[in-house]
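Presented below, as structure tokens, is a lone chain in the form predicted alone.
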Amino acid sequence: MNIDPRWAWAAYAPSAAAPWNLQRVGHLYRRAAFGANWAELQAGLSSGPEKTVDALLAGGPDAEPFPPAITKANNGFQLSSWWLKRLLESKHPLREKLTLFWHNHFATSNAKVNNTGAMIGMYDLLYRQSLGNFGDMAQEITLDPAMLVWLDTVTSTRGQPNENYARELMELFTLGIGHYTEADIREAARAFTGYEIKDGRGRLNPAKHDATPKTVFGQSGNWSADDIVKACLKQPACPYFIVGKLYRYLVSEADTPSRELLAPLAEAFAGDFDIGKLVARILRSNLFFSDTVYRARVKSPVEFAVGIVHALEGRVPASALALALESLGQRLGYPPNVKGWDGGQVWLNAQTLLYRQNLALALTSTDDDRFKSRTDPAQLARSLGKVEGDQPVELFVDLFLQGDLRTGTKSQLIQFLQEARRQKRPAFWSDERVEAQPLRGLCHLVLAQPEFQLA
């Protein structure tokens, strides 16, 4: 796309051509959170873009932490459930959303780490630094116990350096392919020797560390781990690489941004590596709120499922949701490899679309034993006073899609609701169930729309 960078990253101001409306409120909440509930949509409309972005950046009190006993045993399923509980209950959805981003960026899996406590420790690090300083995060992640095991730094000693961390630090964490040499990796690997885990923390054992001079990026010295991280951060490619990945996550994965488009963000980011400042500028920008990038991301399974529960103001067992998400291809704490989940169109195929529809049905029907009536669309419609006539259609279309429907679909939804209300129900059904079932079926139909798969 040929986009003027000055216009792109200037602050968005509502206008006749680009009004602040339900669509833009929903867009902001899909990208910077896990979707919005009805109250959040209405508050966003009233508050305007500046105050709504401010509120997302500030967040509220965090959800209560999972009982510490989880760290005393390695239970991988418990890890995924704990993480989902955080997402479902946290009052700071932007931090949680960015923690997922950094989890995929510094992709580390409990399949190898095999230590739930260490993985929760990494979560804490990523959550704490999710809007903090990228340089500090990179330094901390280098000595994080889960990372030390995941990329074999704990096996790297003087005379037998392991190259895994040095390679992924450059290729996946800071620079990207083409901005380092194999010699840089070999020399940097020697700087990562001698690091161990003691008392739950990464420590340097000088007796196992290669303290001889090393040459990395053309500079020679007696480098250690923190020196190599600093050297990576100083490379011109680093800010562009990080900004590019955040662009894909927050703005659009449907296009490859030009270097010129990223330049204003990358140049500012290089000065302080302030993630919060970068994210705020993106979320306030003209480009972020433009039609060009609207629904230009595919929702991950976690975004899809958590978004439904949040919008319906439900409280479901995180363990049941964690099991369901495995069939959709995303198990928190278990990215598939060092590159993380590919995302994008990879999330969608005939099988996963069927699984998504089945999960949406399980969450909205109130008949599934895993979730029962904890996310009841009919109860939500009643609480909002939107059960008469076509009101439920307007409610669910606005709540989940902010009015985005293909031509003719809305009339089909109205017809479905009318016919569902006319259907004869079994005599043993209560009056409440007879009235509620059409609304639940309608909600499931809305969630099955193609537009709901896109963020």
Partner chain sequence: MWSRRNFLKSSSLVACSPVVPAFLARTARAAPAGKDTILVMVQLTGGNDGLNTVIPHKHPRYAQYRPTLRVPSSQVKKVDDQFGLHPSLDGFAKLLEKQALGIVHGVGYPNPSQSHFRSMDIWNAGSTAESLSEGWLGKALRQIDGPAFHLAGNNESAPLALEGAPVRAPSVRSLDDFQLKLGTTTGAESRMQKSIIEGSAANTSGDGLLDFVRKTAGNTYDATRRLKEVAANYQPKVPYPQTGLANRLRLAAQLIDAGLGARIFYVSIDGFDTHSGQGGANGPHANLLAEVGNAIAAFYGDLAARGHGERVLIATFSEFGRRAQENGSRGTDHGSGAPMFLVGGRVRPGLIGEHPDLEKLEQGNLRHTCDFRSVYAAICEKWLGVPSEPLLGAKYPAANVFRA
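Positions refer to the first chain, counted from 1. No experiment lies behind these values; they were computed from the predicted model shown.
Heads up, the form predicted in complex with the partner chain isn't pictured, but that's what we're talking about next.
Participant: So in the model of the complex, does any heavy atom of residue 384 sit within 4.5 Å of the partner chain?
Facilitator: Heavy-atom contact with the partner chain at 4.5 Å: absent for residue 384.
Participant: Is the gap between residue 331 and the partner chain in the model of the complex 4.5 Å or less for some heavy atom pair?
Facilitator: Output for residue 331 is yes: heavy atoms within 4.5 Å of the partner chain.
Participant: Indicate whether residue 412 is a 4.5 Å heavy atom neighbour of the partner chain in the model of the complex.
Facilitator: Residue 412: yes, in contact with the partner chain in the model of the complex.
Participant: Would you check, heavy atoms only and a 4.5 Å threshold, whether residue 337 touches the partner chain in the model of the complex?
Facilitator: Output for residue 337 is yes: heavy atoms within 4.5 Å of the partner chain.
Participant: Tell me, please, which stretch of 167-175, 208-216, 361-369, 240-248 lies within 4.5 angstroms of the partner chain in the model of the complex when heavy atoms are compared?
Facilitator: Correct option: 361-369.
Participant: Only one of 134, 101, 123, 355 gets a heavy atom within 4.5 Å of the partner chain in the model of the complex. Which one?
Facilitator: For this set of options, the contacting one is 355.
Participant: Would you kindly say which of 114, 349, 181, 258 lies with a heavy atom within 4.5 Å of the partner chain in the model of the complex?
Facilitator: Checking each option against the partner chain in the model of the complex, the one that comes within 4.5 Å is 349.
Participant: Using heavy atoms only and a 4.5 Å cut-off, decide whether all three of 326, 345 and 445 touch the partner chain in the model of the complex.
Facilitator: The answer is yes; 326, 345 and 445 each reach the partner chain.
Participant: Need the contact residues for 225-251: heavy atom within 4.5 Å of the partner chain in the model of the complex, sequence order, or none if there are none.
Facilitator: Not one residue comes within 4.5 Å of the partner.
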